[in-house]
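Taking the form predicted on its own, here's one chain by itself in structure tokens.
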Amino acid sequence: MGGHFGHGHDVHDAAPVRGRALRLGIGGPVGSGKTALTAALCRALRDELDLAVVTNDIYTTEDADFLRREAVLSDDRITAVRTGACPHTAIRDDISANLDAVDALEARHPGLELVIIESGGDNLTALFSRGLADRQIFVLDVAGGDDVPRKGGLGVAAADLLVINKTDLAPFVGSDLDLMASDAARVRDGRPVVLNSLRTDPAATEIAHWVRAAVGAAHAAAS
């Protein structure tokens, strides 16, 4: 099951899906809450899905270390990739390090159903290569400004799911959630948008439901 998002100049073909885990990319700007969302999804899904995580940081393993400290999965299910350059490169152009990390996780855990690949912070154009991720969630932070959805960009417009995150902060930063939702709907051509706050819904219920459905659809397509 290939991703539904547009891929522009993607140089990689979609990977065959039979006999492997669904790969879910989570991207978005710095500070949008990608790692916290990844942690929430691990907690929500770990008792029903066989899953693992690959994190991407430029120089450090900080995101992976955070997930390990939070004990969202066992340590051997969390792998860090140091990209050494713009994270966009490692999730779209030269995806070899991420593919190696995914392969190593699948070798350690042959029954994997889901691998979450979290990208380091990048701009609004960041999309995962279809050769790496089957589905992508793009995460925005309301504190980034309520004009961000209407500015578009490939990540905002074309990801399989757009998450407008940290909605509990909207009254404090002057963001209009209704405007953000309507602008997002206009640029996304019917693709889903979720407004989310981990402070009020630590389980990220609606997003976890979307992920479950994506995994189920992948299994059905591969059978």
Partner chain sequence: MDASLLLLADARLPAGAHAHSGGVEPAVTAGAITDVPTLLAFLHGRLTTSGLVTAALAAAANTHATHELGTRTPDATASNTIAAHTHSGCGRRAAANVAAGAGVGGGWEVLDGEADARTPSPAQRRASRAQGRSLLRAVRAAWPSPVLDALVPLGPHHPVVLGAATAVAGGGPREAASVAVFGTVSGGASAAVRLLGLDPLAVHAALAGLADVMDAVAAEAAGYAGRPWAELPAASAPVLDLDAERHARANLRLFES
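Residue numbers count along the first chain shown, from 1. As the structure is a prediction and not an experimental result, all values here were calculated from the model.
Although it is not shown, the form predicted together with the partner chain is what the next lines describe.
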Next item on the list: Taking 4.5 Å between heavy atoms as the contact cutoff, choose which of A143, L73, L124, C86 touches the partner chain in the predicted bound form.
Entry: C86
Notebook entry, point to check: So which of I58, L198, L177, L169 reaches within 4.5 angstroms of the partner chain in the predicted bound form, heavy atom to heavy atom?
Noted result: I58
Next item on the list: Answer yes if any heavy atom of I116 is within 4.5 Å of a heavy atom of the partner chain in the predicted bound form; otherwise answer no.
Entry: no
Item checked: Interface membership of D93, the partner chain in the predicted bound form, 4.5 Å heavy atom rule -> yes
Check: Going by a heavy atom distance of 4.5 Å, is D103 a contact of the partner chain in the predicted bound form?
Finding: yes
Check: Wondering, does R82 line up within 4.5 Å of the partner chain in the predicted bound form on heavy atoms?
Finding: yes
Note to self: Using a 4.5 Å heavy atom cut-off, which of 182 to 190, 158 to 166, 59 to 67, 39 to 47 contacts the partner chain in the predicted bound form?
What the structure shows: 59 to 67
Check: Listed by sequence position, which residues of 139 to 177 have a non-hydrogen atom within 4.5 angstroms of the partner chain in the predicted bound form?
Finding: none
